[in-house]
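This document starts with one chain, in the form predicted alone, laid out as structure tokens.
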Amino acid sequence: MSLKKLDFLFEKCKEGCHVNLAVACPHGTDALGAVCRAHHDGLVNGILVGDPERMKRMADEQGYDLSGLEIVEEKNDYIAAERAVRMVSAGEADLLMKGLVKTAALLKAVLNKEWGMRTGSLLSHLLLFEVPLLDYRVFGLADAGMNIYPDLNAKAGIIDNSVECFHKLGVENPRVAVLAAVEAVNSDMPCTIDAAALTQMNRRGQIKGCTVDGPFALDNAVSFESARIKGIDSPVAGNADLLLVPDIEAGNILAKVVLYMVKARGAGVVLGASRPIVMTSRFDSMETKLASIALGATLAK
């Protein structure tokens, strides 16, 4: 089974009890607006950890409705980030979201050995996006936001995190395409050697719960016709669910082409911690922010 349209996330996260979302420093209009809307749309129960005066002033200026949201006062941004993480670790909240606080400060709290959200797994980013030109197929893209130049072991960890996410979303055996510029192993292109190794690791049971193949160029990973023309015979060719990029540069560029130039809808979370972490950009659309919250809430159930 492949995923179709991101609308399914909104349906899934409304099933059963609502997830409690702790937002660290919701002092920017993007995060505050998204959480207010998600709360009132019934996607999550919002918990705002930060400076109440800043939040209320911003809500008045932007017309946001703070009624019903829990506000936890902490005027120091770094302490607010720690407090939001502690709430998730203690079970007082189910999902963490980054507001207007430095990513490094939030991750430092997340990775704290005593009270953070460490699991021993690698932290990685997964972006789900739908492509209207391909009948609204939903693809996963990893890792466009956390690991800069992942080695072979890190790439295996990124696949493991992403596959676990796909399983929770109902895809029992996601097809993973390991991307490169070409679809043949080339000793001058190390990422193609990694792709071949990951494929073999999957066949030997070192990477489980999915079908991995590569290297693939992007076109023959998502297009049956391109794969046919190039004579590629693989269950993943033209039929990929997850696109594993070689490094953060390739992932970041592809993600921004998808979200800003193609105007596709996306949803992104950080995986590998005890609970998902929603980290959106200030430039992301409201749709992408809401879908990211819905994805995190679905995975946190």
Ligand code: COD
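A residue's number is simply how far along the shown sequence it sits, counting from 1. Keep in mind that this is a model prediction, so the values were computed, not measured.
There is another form of the same protein, the form predicted in complex with the named molecule; it is not shown, and what comes next is about it.
Heavy atoms within 4.5 Å of the named molecule in the model of the complex: which stretch among 208 to 216, 174 to 182, 195 to 203, 145 to 153?
-> Only one stretch passes the 4.5 Å heavy-atom test: 145 to 153.
Scan Ala104, Leu133, Ala90, Ile229 and let me know which has any heavy atom within 4.5 Å of the named molecule in the model of the complex.
-> Looking at the other structure, the residue within range turns out to be Ala104.
Of Ile248, Leu69, Val258, Ala59, which one comes within 4.5 Å of the named molecule in the model of the complex, counting heavy atoms only?
-> Contact residue from the list: Ile248.
Taking the shortest heavy atom distance, is Ser121 within 4.5 Å of the named molecule in the model of the complex?
-> The answer is yes: Ser121 has a heavy atom within 4.5 Å of the named molecule.
At the 4.5 Å heavy atom threshold, is Lys113 in contact with the named molecule in the model of the complex?
-> Yes, contact at 4.5 Å.
May I ask you to check whether Lys108 falls inside a 4.5 Å heavy atom distance of the named molecule in the model of the complex?
-> Lys108 belongs to the contact set for the named molecule.
Tell me, yes or no, whether Ser274 is in contact with the named molecule in the model of the complex, where a contact means a heavy atom of each within 4.5 Å.
-> Although the named molecule is absent here, Ser274 would stay clear of it in the model of the complex, with no heavy atoms inside 4.5 Å.
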